[in-house]
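Before any questions on binding or motion, here is one chain by itself as structure tokens, the form predicted on its own.
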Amino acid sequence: MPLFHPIHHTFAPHVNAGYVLRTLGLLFQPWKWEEGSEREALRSALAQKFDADVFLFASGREALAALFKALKGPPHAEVIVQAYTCVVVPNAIHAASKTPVYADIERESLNLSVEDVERRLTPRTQAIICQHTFGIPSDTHKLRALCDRYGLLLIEDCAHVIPDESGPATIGKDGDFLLFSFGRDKAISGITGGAILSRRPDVSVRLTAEEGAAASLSLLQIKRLLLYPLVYAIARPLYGIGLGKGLLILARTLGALVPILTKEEKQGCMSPTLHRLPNVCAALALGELKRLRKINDHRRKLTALYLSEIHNQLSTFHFPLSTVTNRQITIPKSIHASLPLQKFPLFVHGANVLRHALKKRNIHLNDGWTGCVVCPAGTALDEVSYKRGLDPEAEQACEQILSLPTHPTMTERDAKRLIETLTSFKDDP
């Protein structure tokens, strides 16, 4: 592998040669950008796969906001959401004038603790969002039973994983609503986009109205989205010598790239305007959905490799960080080799020191889900209604987590190089 080839989480993780060619083809067909048959084909494919009504928006966060707008309920109704989540989730709740209530996680799954959820319920609770964190299945059976007992709605956040015929079998089965994101680093990527799937006919009627009233993205914004795979395909192999980083800075300065999160969103603000999913993004997402088994099998292969290597090499390896007492690596017990993980999480004390050391070797493991209980770091916690100390398991996990990539452009050779680099730290990194 070339010296300058980066290992990464966020450098266009779905953008391989085939993705670049598909994007180039669509870039030169502007008549397909806003309208075309692909959007309805994507809707039909998801509806058939999950037996639900499908509503498509320009992002997962907008799809979630549309759902909350469509739900009837008392003013400032409460929605249970796990700590260790992305800021866009509480933002979407706030955008619909509802209140996020955080529940703690189970360390061994990085998902909601059902027992803590029940402790957080009040007469104002309307719904529970269960997040299948990094593709680790949440315990939807217990949450479904809890929702049925208290008359609540269950929303499954499937942004990190879409099951294929090999599973995980429980994902997408128990929710009243399913949330999908087609963002740049999600289970499948349309560069942007999202969907809400509804199994409640009354809510589906109101979601139809929300999608029908949604605005279209401008042609300029769609063009900027389509430039993203091309810019990163050029910049990624040059990142280790500084040229790639310079190119990305230049592209952002010139406005050629659409940011994943805005400064306003990190401050807890979300625009109330909803947008339709551009047909061109639906086309890219549909292409990935058709290759879902291949994508998931690749993730399974890397998940199994990491499991094997960690058990063989890293489980007894102690990183010699002079400032850390406990140096041993552990993994969440819910992980097994058949899971198509979006990323492979480890727990290690001194995780941030280790990430910094790896970065010097062109291994970039800062994925935005580190050191922050509402991600990314720098989120204004007060503005998203989170109080420090509220969820101790989540706060501890986010400080100790080190995640390894499993995305489509992460090769088996990359994964072995990553493990070899981890085990090479004989002295302080």
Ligand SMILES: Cc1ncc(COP(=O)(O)O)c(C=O)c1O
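Just count from 1 along the sequence shown to find any residue number. Every value quoted in this text rests on a predicted model; they were computed, and no experiment measured them.
Separately, the form predicted together with this ligand exists; it is not shown, and the next lines address it.
- Contact between Ser385 and this ligand in the predicted bound form is not found at the 4.5 Å heavy atom cutoff.
- In the predicted bound form, this ligand sits beyond 4.5 Å of every heavy atom of Ala283.
- Proximity of Lys186 to this ligand in the predicted bound form: non-hydrogen atoms within 4.5 Å are present.
- Though the partner is left out of this view, Cys86 does reach within 4.5 Å of this ligand in the predicted bound form, counting heavy atoms only.
- Of the candidate stretches 114-122, 232-240, 251-259, 159-167, only 159-167 has residues whose heavy atoms lie within 4.5 Å of this ligand in the predicted bound form.
- The listed set Ile136, Leu179, Ile80, Leu143 contains one residue whose heavy atoms approach this ligand in the predicted bound form to within 4.5 Å, identified as Leu179.
- Residue Trp369 is the only one of Trp369, Phe50, Phe68, Trp33 with a heavy atom lying within 4.5 Å of this ligand in the predicted bound form.
- Scanning 108-135 for heavy atoms within 4.5 Å of this ligand in the predicted bound form gives just one residue, Gln131.
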